[in-house]
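Have a look below at one chain only, the form predicted alone, in structure tokens format.
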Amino acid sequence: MRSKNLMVTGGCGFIGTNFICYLLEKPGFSGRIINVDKLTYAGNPENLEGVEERYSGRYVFQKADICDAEAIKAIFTEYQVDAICHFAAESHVDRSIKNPESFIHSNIVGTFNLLEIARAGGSRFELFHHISTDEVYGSLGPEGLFTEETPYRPNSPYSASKAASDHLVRAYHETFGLPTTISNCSNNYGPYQFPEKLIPLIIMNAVEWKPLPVYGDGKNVRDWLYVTDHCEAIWTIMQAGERGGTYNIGGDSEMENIAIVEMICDMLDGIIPPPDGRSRRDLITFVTDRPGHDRRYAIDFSKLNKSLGWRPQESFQTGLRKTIQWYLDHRVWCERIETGEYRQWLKEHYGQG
């Protein structure tokens, strides 16, 4: 792929931010990134403050909603977009239970709009890469792994909306010949993750000696993927993946939620020794499980490894240490999220609060 003008949707979110930074710093990539983000609650352009100055002419930010087809079409035309990496999505399961409509609208209608605009680009359009999740596969028993052939069985409005968007992307390749790739990843963690997610929530609460909420019995299992490893996998697929293909991306790090919480407590106790010999494990509080909470996810990424040579570089322990240190070093960022100050920044810069 020789993209000169790559549109990244949702680039002010957690994974999108990391992907943009990864790509701009990567030797061999000389194209321009057009970051399109609606700036919902988890989209924070402060994540990329200064990037436009550091990479003059190679980074552009456009505030727009992927559900606004005319606005996206205008950006597509103005910047002569020849590839799209599509991160933009409503992505929190708890929020999808409380407000399913916004997930259907953003994740399905928004993806449809992008596909239609990409299709209209004709032969100059090189690739539509769609970022998805392992949650589309449903829940695993105690054994086995999700493969690219696993049937879809989504159990939440969030995962159902992502499954629908996956099917749309595949259909546009099969029906219209649109060059596409899809990646289904396991749980990401790392810098810039919004504090409602498990790992940053536990880190921030543990630092402040607040209760550490754990759903149910804490035995739910997830496969954890450090975000920089994910970014490298995405770019590998975009460069060399089979058009029309789907690739699972896993971190080779299955962990029970309770084990993760205990590991964070122990690491923080070592970095910031607690007073009076206390342990942060004492803060663990089990809370009522959420509806439709899948018991176990685990990813088989052997297709990606065998065909394109990718595998994660971070173990869960090394990635978690880096993540904890990042949050300790960026307390101001965390506090601005917690207090809502960053929303005032949005209002001042984009007329949105």
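Small disclaimer: the values here were computed from a predicted structure and weren't measured. One rule holds for the numbers: they count along the sequence shown, beginning at 1.
Beyond what is shown, the protein has a form predicted in complex with a small molecule; the following relates to that form.
Novice: For the interface check, one of 26-34, 62-70, 301-309, 324-332 should have non-hydrogen atoms within 4.5 Å of the small molecule in the predicted bound form; which one?
Specialist: Careful reading of the contacts points to 62-70.
Novice: If the cut-off is 4.5 angstroms on heavy atoms, which of these, Tyr172, Tyr247, Tyr226, Tyr158, is the one near the small molecule in the predicted bound form?
Specialist: Among Tyr172, Tyr247, Tyr226, Tyr158, a heavy atom within 4.5 Å of the small molecule in the predicted bound form occurs only for Tyr158.
Novice: Which residue, Ser186, Ser96, Ser253, Thr180, has a heavy atom that falls within 4.5 Å of the small molecule in the predicted bound form?
Specialist: So the residue touching the small molecule in the predicted bound form, by this definition, is Ser186.
Novice: I'd like to know if Leu48 sits close to the small molecule in the predicted bound form, meaning any non-hydrogen atom pair within 4.5 angstroms.
Specialist: Outside the cut-off, so no.
Novice: Would Cys21 show up as a contact with the small molecule in the predicted bound form if we use heavy atoms at 4.5 Å?
Specialist: Cys21: no, not in contact with the small molecule in the predicted bound form.
Novice: Can you check whether Ala42 is within 4.5 Å of the small molecule in the predicted bound form, heavy atom basis?
Specialist: Yes, contact at 4.5 Å.
Novice: Wondering, does Tyr137 line up within 4.5 Å of the small molecule in the predicted bound form on heavy atoms?
Specialist: Looking in the predicted bound form, residue contacts with the small molecule do not include Tyr137, since no heavy atom lies within 4.5 Å.
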